[in-house]
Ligand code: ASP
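Consider the single chain below, provided in structure tokens and representing the form predicted alone.
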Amino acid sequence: MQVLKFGGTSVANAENINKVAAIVKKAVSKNKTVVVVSALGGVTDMLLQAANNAARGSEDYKQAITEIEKRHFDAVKSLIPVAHQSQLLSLVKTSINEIEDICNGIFLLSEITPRTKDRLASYGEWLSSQIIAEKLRFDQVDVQWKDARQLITTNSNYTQAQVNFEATQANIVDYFNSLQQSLCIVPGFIASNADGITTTIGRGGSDYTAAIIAAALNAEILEIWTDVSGMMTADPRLAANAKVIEKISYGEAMELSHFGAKVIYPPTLQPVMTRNIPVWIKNTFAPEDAGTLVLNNERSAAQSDGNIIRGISSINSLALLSLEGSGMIGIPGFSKRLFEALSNEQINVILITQSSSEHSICVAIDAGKADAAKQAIDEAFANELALQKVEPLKVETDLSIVALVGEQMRSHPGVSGKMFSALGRNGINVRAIAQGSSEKNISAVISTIDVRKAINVLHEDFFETTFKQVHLFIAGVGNVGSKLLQQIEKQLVSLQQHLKIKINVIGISNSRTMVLNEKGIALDNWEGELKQGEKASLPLFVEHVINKNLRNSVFVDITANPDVAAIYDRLLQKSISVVACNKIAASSDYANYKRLKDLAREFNCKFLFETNVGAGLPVIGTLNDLVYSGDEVLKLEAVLSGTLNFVFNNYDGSRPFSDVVRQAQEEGYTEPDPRLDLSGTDVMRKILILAREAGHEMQMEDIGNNGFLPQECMEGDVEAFYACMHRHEAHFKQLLDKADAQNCKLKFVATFNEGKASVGLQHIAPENDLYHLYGKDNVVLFYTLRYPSQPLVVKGAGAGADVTASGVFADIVRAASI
């Protein structure tokens, strides 16, 4: 004997019922079968809504009844040959007339009772089962229809009737022992009390009906046919990479069902669990899919796929109630009175947590019951409130529960640590925690706005061993930004293969337009997408980054814009890592620099700015390694401007100094405003950043600058700057001649020594380490306790779009690896 149950979506219309008929005929050919069916999809809701409208005095209920009639008529006319429709259509019409009479009565009385609700709701399953049975008869299947009200006996707790299992068992066994047919169709959800009055066994009760029958008959298997291919590791609407669970234990399935996985109705498993009857969840619309097999714990564990966690689920629309007070400590009875007050209001407690100090108790309930709960608890503790032994009840809303479920967690330490670490890295605050002694479930209360992110973060950590998804937002796509996007596109496959990282560029903005796409921007057509984007707005771009609340988000600033640098703190406080090519933030007021570093630590993200000094050279990384390993920087000597090194390496007096500077700008070595380079301001920022990273509290004004530009050249715009340099060519030629006379080269050098920093043009002799520095190269000499006389040297190209982009790319990978 086998029992098959088909849900509302499986029997929603004639097309779907034909699919069900095909599955049933195949099943009957192998074994004697009981089929339990739900109402046509949505009909039960329509019936109850019609009742509610009638009770409110609204005649809209008539329209709902008309729609219900049409849906059933359409099904009959599509499934049954015309010559044989009349009897079934007459049965449907009689039922519709009864529904209308009941609703008319409700309308006249302006009230509806639970008993009337059950009577009205029962028509959905009653009609669908009659239609399906008749369809199978015309398909030459030996079928018998049986009213579940004659099989399942309950008490009179209407809408949530409790089953009398002893009487029900006897009814089912007696009936099926005498049944001659190979197939029996039974309506789900409905039952009757001892007086034969219609009752229902709760929403989702068709699953329960099937389980009750399967248990009574000790069936070989219970198949639950629905619109998905089994239970999944997470809600596929929230986690795109959710997978079907091949096998799962009864306990795990019940936990997942309780915590929002609506594939199966939670009480379903109770009757079959006691009989060790496997439950197979299958997809009506993809019957060849393997589905999920629910087994007892031992059989499930023996055939485990190796995953400690079986699934991740959630419950939304929760409120957290917190009862606190010093008067609770050591006084018995507070918990009893709290739960008693909730019980009296028929309020179900979903999660409980209590501090070991007994100073507070937190419970999570349905948010819709929060006001009633507060009133009941305040009344129960009125005396303690008056005496200030307890504080007024705190009610927090807009909360959800995210739960990890798995039988094997009890034997694997570190699961909860991994869970909370993953949530913390992504800025998801946990408001309350609960874990039973069975260690089958770890639940965390979080903000509802974080549910999607939390589900994806946890699913990625526990199930997606293939790669980690990183969401990238890029501000600034000029020379460096465009090279970065090219490099990312080229390395996408390699990153997934070797580092298990998948980079998804979600947002791109320049000064004119921006494009935002949560599914990802095509890197082979990002320029086209950006041209078609909306008008650029930094506030809107940042709001998008924050409001999308995507896991593993990284914001990349490849601008020189102070407004962009000013929003880093907002991003870091949302656990969004910041990669900055822009030097403004790291060289701003020391208090701001330190605050940004502290925010990154506090909110478990990264603030990285390797390219602030030396483009793609590992200057800051090397300095950090020295300091973190306990070394101390005694002195720094460096040529930190690729622009100035290029200029002085190429200026030989044969052409104007201004022409060489313009060449540097055209080749992409200078800042957008080359005066920042030639004035020494950019180098001052760089040595300031290095001094700070070495552990020194310094400000920009603490750095000396021995400049070489005539002051008047700093006035006006960029073109005026070039014109002024051209007029002062004799000045620049004189600087070159003095250096040549001493057999020296001109280098713009930054130094840090004994807590003091300065920058300026120097004559560098051939024996100096800075002499042999060509093209646009940079060099940094680290004199430390470990390298006191022979410095640690970092040397290489310190300017250029390609190398700078590679440095930004490296920081993105570092940020993604936390």
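Remember, predicted model here, so these are calculated numbers, not experimental data. By rigid core we mean the largest C-alpha set that fits within 1.5 Å across both forms. The first residue of the shown sequence is 1; numbering continues from there.
One more form of this protein exists, namely the form predicted together with the ligand; it is left out here, but the text below deals with it.
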{"item": "Stretch in contact in the predicted bound form with the ligand, which is absent here, among 52-60, 780-788, 38-46, 759-767 (heavy atoms within 4.5 Å)", "value": "38-46"}
{"item": "Distance check, Ser641 to the ligand in the predicted bound form, heavy atom within 4.5 Å", "value": "no"}
{"item": "Phe748: touches the ligand in the predicted bound form, heavy atom cutoff 4.5 angstroms", "value": "no"}
{"item": "Touches the ligand in the predicted bound form: Gly205 (any heavy atom, 4.5 Å)", "value": "yes"}
{"item": "Exercise: Phe189 in contact with the ligand in the predicted bound form, heavy atom 4.5 Å", "value": "yes"}
{"item": "Residues in 119-154 close to the ligand in the predicted bound form, defined by a heavy atom within 4.5 Å, in order", "value": "Glu125"}
{"item": "Core-superposed C-alpha of Asp769 shifting 2 Å or more between the shown form and the other one", "value": "no"}
{"item": "Threshold 2 Å Cα movement between the shown form and the other one at Val36, rigid core reference", "value": "yes"}
{"item": "Yes/no, Thr9 Cα shift of 2 Å or more between the shown form and the other one with rigid core fixed", "value": "yes"}
